[in-house]
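Just one chain follows, in the form predicted on its own, and it is written as C-alpha cells.
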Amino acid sequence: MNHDNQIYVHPAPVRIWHWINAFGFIILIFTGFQIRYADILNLLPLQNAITVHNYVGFAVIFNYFLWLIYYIGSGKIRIYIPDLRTFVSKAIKQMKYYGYGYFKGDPNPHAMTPENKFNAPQQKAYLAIMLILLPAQMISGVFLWKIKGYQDYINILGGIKVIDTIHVLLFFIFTSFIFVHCYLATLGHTPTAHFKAMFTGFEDHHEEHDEEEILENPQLN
C-alpha cells in the first residue's frame, strides 16, 4: 500500500481501544434502551439485557483504564489539552468550517499530525468526555450494578434517584455523541477517509493549510 501522501496518526493500541470502545458503546446503548423502556421495546429479554449491559460495561471500564495508562504513560495525554492562548480563535475558525466552509470546498483549518491530532473543539469535547463524563458514567453504573453494596456512597451523593438520573442523562448524552461523532467523521478528504484511517492508522496529508496554522505547528513544514 502506498502511503506517500499519508501520515501515520493513529497507532495500533489507539485503534484497538477505539473500536472496542465504539462497539461497547453501541451494545450499551441498545441494552440501555431495552432496560429503560422494557415495557415498550422487545429487543431481547430484560434479564438478558441487564446481564449483557453489566458485562459490556465492565469491559468498557477495563478498556478505559488501558486508555488512561497508555496515554499518561506515553505522554500522549497532552493532545487532549487545548492551548488556552489560541483556543478561542481556533475554535471559531473550526466551527465556521463545520458550519459552512466544508460545503464551500474550503480546506480544513486544522492540520492533523500525531502531535496535534485534535482541533480545538475536539480537544475541549474529548477532554470533558474522557476525564469527566465517562468516569461519572462508569461510577454511576457500578453503583447501580450493586446498590446495596455501595449504599453509603450513594447516600452521600444524594440517593439512588440522583445516581439513576445522572446515569440516564449521561446515557442520552453519549447516544447523541455517537451520532455527532459519526457525522463529523464524514467531513474528511472523502466521506470515508477518517473511517479508513481508524483501521489503517494513516490519515490523508494535504498541503492546503493556512499560514497561521503552519507557523503554529512547525512540524508541518
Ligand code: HEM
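All of these numbers come straight from a predicted model, not from anything done at the bench. Counting begins at 1, following the sequence as shown.
The protein also exists as the form predicted together with this ligand; that form is not presented, and the subsequent description refers to it.
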Partner-contacting position among L157, I61, A193, L68 - heavy atom within 4.5 Å of this ligand in the model of the complex: I61
One residue of I77, M138, M95, I129 in contact with this ligand, assessed in the model of the complex (non-hydrogen atom, 4.5 angstroms): M138
Contact stretch among 99 to 107, 129 to 137, 112 to 120, 78 to 86 - heavy atom within 4.5 Å of this ligand in the model of the complex: 129 to 137
Contact of F177 with this ligand in the model of the complex (heavy atom, 4.5 Å): no
Y150, heavy atom within 4.5 angstroms of this ligand in the model of the complex: no
Any non-hydrogen atom of I35 within 4.5 angstroms of this ligand in the model of the complex: yes
Close approach of A125 to this ligand in the model of the complex, 4.5 Å, heavy atom: no
Triplet W17, M198 and E203 all within 4.5 Å of this ligand in the model of the complex via a heavy atom: no
Contacts with this ligand in the model of the complex - residues in 6 to 25 whose heavy atoms fall within 4.5 Å: F25
